Each structure stands twice: as C-alpha cells, then as structure tokens.
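One chain follows as structure tokens, the form predicted alone.
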Amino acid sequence: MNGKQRILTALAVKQADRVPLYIHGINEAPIIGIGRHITDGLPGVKDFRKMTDSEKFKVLDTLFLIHETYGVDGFTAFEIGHEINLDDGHVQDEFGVTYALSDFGLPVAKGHPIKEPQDLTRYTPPVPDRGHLLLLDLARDRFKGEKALFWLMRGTFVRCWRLMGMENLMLKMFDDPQFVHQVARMTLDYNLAQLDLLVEAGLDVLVIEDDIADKNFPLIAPDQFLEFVNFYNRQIVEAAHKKGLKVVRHSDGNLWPLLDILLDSGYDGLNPLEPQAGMDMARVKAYCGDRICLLGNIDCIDLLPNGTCGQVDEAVRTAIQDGGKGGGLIICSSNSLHPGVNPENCIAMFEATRKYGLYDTP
C-alpha cells in the first residue's frame, strides 16, 4: 500500500498493511529542527510570514522532504496568502479578524469584527479564494497520489468566536441566539463554498478543526453544542461525504460529554485524543473504535518536549497495542508539533510507528 491507500483504509476502520503515520500540524521550529537532520541551508527559526521568499521555499521543500524521508502517510495543507500584514506584530485574515503574532505558535485572535447584530449590516463576508489553496496544489504535484491530502478547515465554533469574541459568543447564545445563528450560517456558507474548491483541487480528507474543550470539559454545554455548533458542522460532514471525501473531527480536550454526538454526526476520524484530557487510547478504542478511526494520542505537552527517545518509542508501542487491533488507528501527536517539541523525539515517533505498526499478514 502507498500512504494514501493506508490512510483511507484506516479511516474506513479497516486494517491496512501497517498503522499509518500522520502529522496533523507542524510549526516552523520543528520543521527546521527535524529538517536539519536531512538537509542543509535552512534559515534560523522565525515566523514563516517574516521569511524571505527563498527561505519560505526552502522551509516548504523541507516539510515535503520530512514526509518523504520518514514515511509520513498523509500531508496537511491549509490557507496560504489569506492574511494581510497590519504591522510587525499583527495580521488580518480574509474575515477581518486581527491576530497578534507570536514566537511560540499560532497567532492569537485579538480583533473581532462582528460583536453586535448591527455589525452585520456593514460587514461583507469573504468569498473563498482559489489562490489560497497553493499549499494543497504544491503537495498534490509533489506526492502524485502517494500520500493522502488533508485540509484544515476551521469549524463553526472557531470561526464564530474569532468573529465575535469568545465571551461575547457564549453570552449571545443565551441573549441573542438568532444573531449567533446568522453568524454561524455565514461561516457555513463560506466553508461549503471552499469545499467545492478543495474537491476540484484533489483533496482526500477534510479536517474540521474546531477546538471545543479544555482538559477538563467542553467549553459549552451539549445542548448549546448541538444547536449552535454541531448543526452547522454536520452539514459540512454530509456535503463532504457526498463529494467522496473522508472527514476527521479535530478538537483538543475532554470530549467524553460530546462523544456520542460526534459519533452520530458521521465523522470518519477523531483527532487528536489528548492524554491529559482523559482521552485514553484503550478506553476510546473500547468505546467506539469499531465506529470511528482514532488519530493521535502521542503526548505533545510533556513527552515530545521533555521525554527521552526511549519513552517516545514506548508510548508509540503502547498506543498501537491499545488502539491498533483491527485497524482504525493513525499515529500522530496529541496536537501540532509545536515550537516546544524536541525534534529528536519527533523522529523517534516516526521511526517507532514503522517499527511497531506492521500488521501480521496471513
């Protein structure tokens, strides 16, 4: 099997030739740190937005090379070029949300353009831009069907709180639910329009990236989740399935109070199974491993930054032992490979997946 076949088999909750390996997300620092083991001429660590064109090209080429060198079976793409620079420390996306740049990971949403219903009267929603799919195009041309192509699509909850502000969104669910539904519907229209472009570009797997929980519990109650979030995300799932895609639900945190809702929504995969949030691989596998593919569970909070390569090796072995029986498992970290991870530990995770992931054949 090639990587694409391996990933799609696992997402069908079937057994491939071996457990697939996947990188859900990766920041500049680990790309450069891992890349230094396999190539020369990499720039110093800095935000991609602040790199020269030649540095950007080198980092992207290194990202592809990491997937090829270490046998990563799926590649994650996302928007490029959808932001404008406001100043050295801030950018604004196509929705008009302002972000503060950070040296430690993703930019942080700070400016929210739709806080009250009257804001909608002077707000023009964006239209998906085909040019923002450049990374997907590059990956498709580079891997030529050998690896599954994933796309990170921000889901309803994330898009709404970035537009409205987190606290404001939660209050408006009770004080002005019609307003919340208007904003959610607008984000759904955008996502469905982008989905058409993604299918035309050759996508295999859609990831609805919609963080909804912390390590203790979901950020909103199940009733509000059903009404204001899942109602809209489920329409994306159904549309993607009609277009022949697999769909993965991404959320950090403790998802147990929402898990039955997610299972009933028809997702093919669940990611990233954060160990610190009670998403124990053996427990989740026993509960729903015959209904949904499990992606993740290798701790990126403590283990990948601070553990030893031997400890990483053992964690991968245990995850495969607990979750791999019968298929339906894809190994990746419990969130993105962020600037704090140890590159050597990431490589240990890649190598251990190949070491322990081979299924017995008759």
Partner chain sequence: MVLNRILETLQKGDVKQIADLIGQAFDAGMTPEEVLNQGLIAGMDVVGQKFQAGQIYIPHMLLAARAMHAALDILKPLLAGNGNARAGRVVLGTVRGDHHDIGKNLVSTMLEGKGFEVIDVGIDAEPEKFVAAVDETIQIVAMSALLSTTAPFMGETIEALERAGLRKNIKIMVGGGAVTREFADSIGADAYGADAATAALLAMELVASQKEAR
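Since this is a predicted model, take the numbers as computed values, not measurements. Positions refer to the first chain, counted from 1.
As for the form predicted together with the partner chain, it is not shown, yet the points below apply to it.
The contact residue chosen from Ala193, Ile84, Ala286, Ala221 relative to the partner chain in the model of the complex is Ala221, the criterion being a non-hydrogen atom within 4.5 angstroms. Of the listed positions (Gly202, Gly105, Gly111, Pro126), a single one reaches within 4.5 angstroms of the partner chain by any non-hydrogen atom in the model of the complex, namely Gly105. Per the 4.5 Å heavy atom criterion, the partner chain in the model of the complex is contacted by stretch 167-175, the sole one of 167-175, 74-82, 182-190, 234-242. In the model of the complex, the partner chain lies within 4.5 Å of some heavy atom of Asn216. A residue is said to contact a partner when one of its heavy atoms sits within 4.5 Å of a partner heavy atom; Gly145 fails this definition for the partner chain in the model of the complex, lying far away.
The partner chain in the model of the complex is not approached by Arg354, whose heavy atoms all lie more than 4.5 angstroms from it. When contacts are judged by a 4.5 Å heavy atom cut-off, Pro339 counts as touching the partner chain in the model of the complex. Contacts with the partner chain in the model of the complex, taken as any heavy atom within 4.5 Å, map within 241-260 to Pro257 alone.
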